[in-house]
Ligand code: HEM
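First, one chain by itself in structure tokens, the form predicted alone.
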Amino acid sequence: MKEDKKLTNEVGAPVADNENSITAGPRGPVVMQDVWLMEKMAHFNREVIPERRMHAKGWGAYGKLTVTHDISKYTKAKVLQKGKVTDLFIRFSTVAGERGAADCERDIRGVAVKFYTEEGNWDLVGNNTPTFFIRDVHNFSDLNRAVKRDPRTGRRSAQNNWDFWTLLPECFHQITIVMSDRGIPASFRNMHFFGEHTFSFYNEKNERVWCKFHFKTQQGIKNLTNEEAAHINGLDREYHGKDLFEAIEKGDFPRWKMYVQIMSEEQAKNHYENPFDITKIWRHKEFPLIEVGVLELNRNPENYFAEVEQAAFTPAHVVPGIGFSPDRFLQGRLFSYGDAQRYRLGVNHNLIPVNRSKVEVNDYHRDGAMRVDGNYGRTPAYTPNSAGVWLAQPEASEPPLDLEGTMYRYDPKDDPTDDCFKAGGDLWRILTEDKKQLLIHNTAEDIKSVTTNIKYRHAAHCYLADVEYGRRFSEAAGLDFEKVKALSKLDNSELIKATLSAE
């Protein structure tokens, strides 16, 4: 016979009663002496940690990366050597919604992967799109505020959203993707995902190349229409979480093929546009996908809070052989992600099991809230020291990067090679007719409540990307196409000035 589990208080003493308060008489008030009641209430009041400012609603799973192809000429990272199998944890999320948001909303999907490598943890933080809305980290908090709730109404605001998007032309390509059929994936299993940023690889000879990471779903791409999503959201707001959990539980393990694109330093210097601009893509014809391996998810977490809610990621976590790039948005994320976790979970969040490295950590970090691992005992807390402990490893250094130019606040729009509409136009032209219809329909519906001046601003951008794209959106939005063509002849500052007024 299975032995009953005994209830204890927070420090292990027996709890006599967990259902009835101590009162002054059978019908009297509760007394302060009921210390177990006080503990229960006080703990409950503090159970909710601050939710992520962005990507608050998410689901996670464990899995593995199996490397099947040799890319050692590009990187010495042990996790990416042929035959290597590495455990990982992945978290999928929507971006704009809070923790209680519905899964099937029109939004990009965040995808963060923590690889538990033999050289420490590598976090690859990206989305289900190869590009992003903005390219300068100065716009990061503003973008997030524009897509979050309006400070006056407390509601999501299409007006704020589209106003911000259309004032920054570099948003256009990402807008086209989000408003396309891929704006609402049918499941996490049925979408690609990407590292988005340009990163670097360096090999055993300390030779650097630039790289982008791609993960292609092996389950096939499937998406939802607005109507399908609305129906699902009305029945099950946790639909994507349920789909992922149930697929793994029944052994239908989702898989993605991992690829990289490679660009040499010389190619980057001579590229026709900024290769470090996250709003741009590297075209596959010029920089073909190179297969790396297979990512598989095969185990569900045992506890959502401990493993999914407390999972913490930052692109600052790389391993030898993988490095950063001059991508100015990545540069800001290197700080902001880790700092967000220090606020949300505390300075010792990397000691939480789901975040803990599987190799020994010697980082000189001491003290802080929730330090429960011995705090390095009597080991010296400073460097240099005479004890000969925890010496730096210069062999892990990245190769030097040549920089040029004067220090200044450069605006990418002043770069004569900058074209914010080429990629969006290319995407429009490869869409099938039914996908074009969906894109126009979704955009017109999403922007319907927005003031006319902002609709004209977006229509001019559509026209600059492709004449047909501009015409069809103008018709769907009920705009004067001749006015759209006239606006498209203005430069960006003139266009903004001409469309500032809502009258």
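Keep in mind it's a predicted model, so treat the numbers as computed, not measured. All residue numbers refer to positions in the sequence shown, first residue = 1.
Below: the form predicted together with the ligand, not depicted.
A.B. asks: In the predicted bound form, does every one of 110, 137 and 337 come within 4.5 Å of the ligand, counting any heavy atom?
C.D. replies: Answer is yes for this spot.
A.B. asks: Which residue, 454, 444, 438, 54, has a heavy atom that falls within 4.5 Å of the ligand in the predicted bound form?
C.D. replies: Of 454, 444, 438, 54, the residue with a heavy atom within 4.5 Å of the ligand in the predicted bound form is 54.
A.B. asks: Though the ligand is not shown, can you say which of 125, 232, 186, 244 has a heavy atom within 4.5 Å of it in the predicted bound form?
C.D. replies: For this set of options, the contacting one is 125.
A.B. asks: Under a 4.5 Å heavy atom criterion, is residue 117 part of the interface with the ligand in the predicted bound form?
C.D. replies: Output for residue 117 is no: heavy atoms all beyond 4.5 Å of the ligand.
A.B. asks: So in the predicted bound form, does any heavy atom of residue 148 sit within 4.5 Å of the ligand?
C.D. replies: Heavy-atom contact with the ligand at 4.5 Å: absent for residue 148.
A.B. asks: Indicate whether residue 280 is a 4.5 Å heavy atom neighbour of the ligand in the predicted bound form.
C.D. replies: Flag for residue 280 set to no.
A.B. asks: Contact between residue 91 and the ligand in the predicted bound form at 4.5 Å, heavy atoms?
C.D. replies: Answer yes; at least one heavy atom of residue 91 falls within 4.5 Å of the ligand in the predicted bound form.
A.B. asks: Would you mind picking out the stretch of 253-261, 337-345, 357-365, 156-164 that comes within 4.5 angstroms of the ligand in the predicted bound form, counting non-hydrogen atoms?
C.D. replies: Of the stretches listed, the one contacting the partner is 337-345.
A.B. asks: Where, within 174-200, is there a heavy atom within 4.5 Å of the ligand in the predicted bound form? Residue list please.
C.D. replies: In sequence order, 195, 196, 197 come within 4.5 Å of the partner.
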